[in-house]
Every structure is written in structure tokens, then in C-alpha cells.
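Read the single chain below, which is given as C-alpha cells and is the form predicted alone.
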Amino acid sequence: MIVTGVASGLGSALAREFATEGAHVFGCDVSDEAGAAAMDGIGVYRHADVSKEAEVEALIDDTVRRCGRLDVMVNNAAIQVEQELADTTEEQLDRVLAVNLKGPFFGSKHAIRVMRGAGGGAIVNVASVLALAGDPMLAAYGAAKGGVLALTKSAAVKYGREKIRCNAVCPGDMQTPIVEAYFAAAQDPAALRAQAEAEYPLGRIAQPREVARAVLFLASDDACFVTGEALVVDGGLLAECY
């Protein structure tokens, strides 16, 4: 199986959780030192920029060459730009869409290519609660994650009869570097963190492992009749606020 964006945060947690369950994990990132460290002792690391189709295709082909098949593809790699819509530059938008939307598109495309000839498989795309609700400073990020949900449903509808399931998870805030950077960009990071945590009915943001376990469920045979779904893993945030 493959996890993209394993250098830190959710990607690193995903690789560990799948490895703990006995999976042969191939992880990729563009931060090679951190990515290799995250995969040390649990799986195989390979450099791949998910915004470049040729690199995603090569990653998947290498995995199949080594393992004989690809059963699970987790499209997790993402970046974030803290910028309101009116101030977002074309360059910023292009970069966010390239990683956060083209990445899952290419990952799904080439995973399907090899899964359909091998009896099926499971794809899990990491979206966000911001695919379902807005954040004033994350317009590009939210737009990309909304696209991920549409991609997920399209793949599920088209390829279900070939025994390929495609689902998404929509996490809220997690204790990851990307969320830490969001807090750090505020004038008062501590106040923003406290405000964010207070919005959750569970009174805190998630640990990456908690979201990783939800991904593990969607990829497993326990979810064999689940496809085209967006599993919200947000500590009740959307239930209370939207």
C-alpha cells in the first residue's frame, strides 16, 4: 500500500498505523530526510512530488513491481496557504491546487489503472472539514479539498463494479505541523489555539493517530460495502457549528 506525504503529521501516523496492522507500506514525500526518517523501520521511502503525474505513476509502478500488486492507496499529501480569497495570488492558488487536488487525482488515476487489472482495491483521499464549511483564511485550501470530495464520488461511481472502492476522510484540526503553522501565523497564536479548541464539542483538536485509524477502517475489509463516502472525523465540530 502507498501513503503520500509521510514526512510528518497525519502521513507519518498513517504509515505507522498501517505498518502496525501488517501492511507493506510505501511512503513518499518531497522532504526526503524527514520522509526517510518517518519510514525507517516500518516501510519503504521514495521521493515523489504528487503534483507531477510522471512521479506518481513511477511511484505506483515501483510499488507494484516490488509487491506484485497495490491494494490500498492513501492520497494524503497537502500544503496550506493562509490567505484570504481577495489576496490569494495565482501562484499560490496554482501550488495549492497542484498538490492538494492534482495529487489525489493522479494518485487515484494510476492506482485505478493497476487495481482494475488485479481484482480491485481501496483508495482513501484525505479531504477536510473545509470541503464542507468555509474558513476565511483558507479559500484555496478549501476549494481544493472540495474538489477532492467530487473526485472521490466520481471514482466510486465509475469503478465500483470493478471492486475498487474510493472514500474520503474529512478531518478537523489535528496536532500537525500544518495546523501549527496556521496558529503561528496569527497575531496571538495561543489565543487562536484556545479559540479553535473551544469550538470542538470534545474540547480539543485531534491527534493524527485518531484520524489515521479512521482511514485504516475505510481501507479495510470492515468497510467492504462503503464507497463514495466522506467520513467526517472532527470531534463534533460541524455538528455544533454548521
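Counting begins at 1, following the sequence as shown. Note that this is a predicted model, so its numbers are computed, not measured.
Just so you know, the form predicted together with a small molecule exists too; it's not on screen, but the next bit is about it.
Although the partner is absent from this view, Ala127 contacts the small molecule in the predicted complex, with a non-hydrogen atom inside 4.5 angstroms. Within this chain, Lys145 lines the site of the small molecule in the predicted complex, having a heavy atom no more than 4.5 Å away. Ala15 falls outside the set of residues with a heavy atom inside 4.5 Å of the small molecule in the predicted complex. The small molecule is not drawn, but in the predicted complex it has no heavy atom within 4.5 Å of Leu97. Only one of 119 to 127, 106 to 114, 150 to 158, 86 to 94 lies within 4.5 Å of the small molecule in the predicted complex by heavy atoms, and it is 119 to 127.
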